[in-house]
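Given next, in structure tokens, is a single chain: the form predicted on its own.
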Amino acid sequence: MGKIIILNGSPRAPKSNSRRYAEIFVQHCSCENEYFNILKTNHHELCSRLSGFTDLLFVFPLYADGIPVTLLNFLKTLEQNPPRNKPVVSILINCGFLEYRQNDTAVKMIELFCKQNGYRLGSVLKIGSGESILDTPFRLLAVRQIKKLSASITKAKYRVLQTTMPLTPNMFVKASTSYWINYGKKNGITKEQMESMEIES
């Protein structure tokens, strides 16, 4: 049985949905694993650890149709500091769009990195509506696919998986609008403020 290192590439890793997805993965993972947030200060430390693992799982959100800069900068360091024994690279990516296929470009970016640097690509799980699915009854759909992801990596039977909330686009827009308005209220921000360009001033 292998050993998995899980790296969270979210810019807000400690408080991210990616962390929540990683926690679910760990709960259902039957083999030894370790979890780390990718920080500006730990790239070389993480690179040096990789040789001790058979598998590497990147968990991250979609940012501007690609991978977040946190992960991009780590990949640049990893390219210059490859481990002696390269693990199989798997991906757990989520996006705020309803369509999980919106993640495809970011997945291809990781595929290209693997191809150019001699890593085998393992399993991929693409989650749509990722910003909110864990806080709805549809959480079960995400958990089910994460269980399958964990089993595929553990058994080295790699596969591509995907899930999203079973809503029409109109229903999703209405639900997501309500979600963000309520999220703003919790933080003392009105709908009008969220619609303006002055939200961070």
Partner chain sequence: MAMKLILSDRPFHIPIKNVDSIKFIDLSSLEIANCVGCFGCWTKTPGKCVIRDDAVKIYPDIAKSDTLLYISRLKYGGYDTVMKTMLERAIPVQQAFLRILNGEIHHVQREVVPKKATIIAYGAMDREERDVFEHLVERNAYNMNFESYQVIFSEESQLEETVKNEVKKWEKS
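In this text the structure is predicted, and so the values were computed from the model without any measurement. Residue numbers count along the first chain shown, from 1.
Below, we refer to the form predicted in complex with the partner chain, which is not included among the displayed structures.
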Only one of these stretches, 27 to 35, 142 to 150, 59 to 67, 158 to 166, has heavy atoms within 4.5 Å of the partner chain in the predicted bound form; which one is it?
59 to 67
State yes or no: in the predicted bound form, is some non-hydrogen atom of Lys86 no more than 4.5 angstroms from a non-hydrogen atom of the partner chain?
no
Does Arg120 reach the partner chain in the predicted bound form, with heavy atoms at most 4.5 Å apart?
no
Contact of Gly96 with the partner chain in the predicted bound form (heavy atom, 4.5 Å)
yes
May I ask you to check whether Arg12 falls inside a 4.5 Å heavy atom distance of the partner chain in the predicted bound form?
yes
Neighbours of the partner chain in the predicted bound form among 83 to 114 [non-hydrogen atom within 4.5 angstroms]
Gly96, Phe97, Leu98, Glu99, Arg101, Gln102, Thr105, Lys108, Met109, Leu112, Phe113
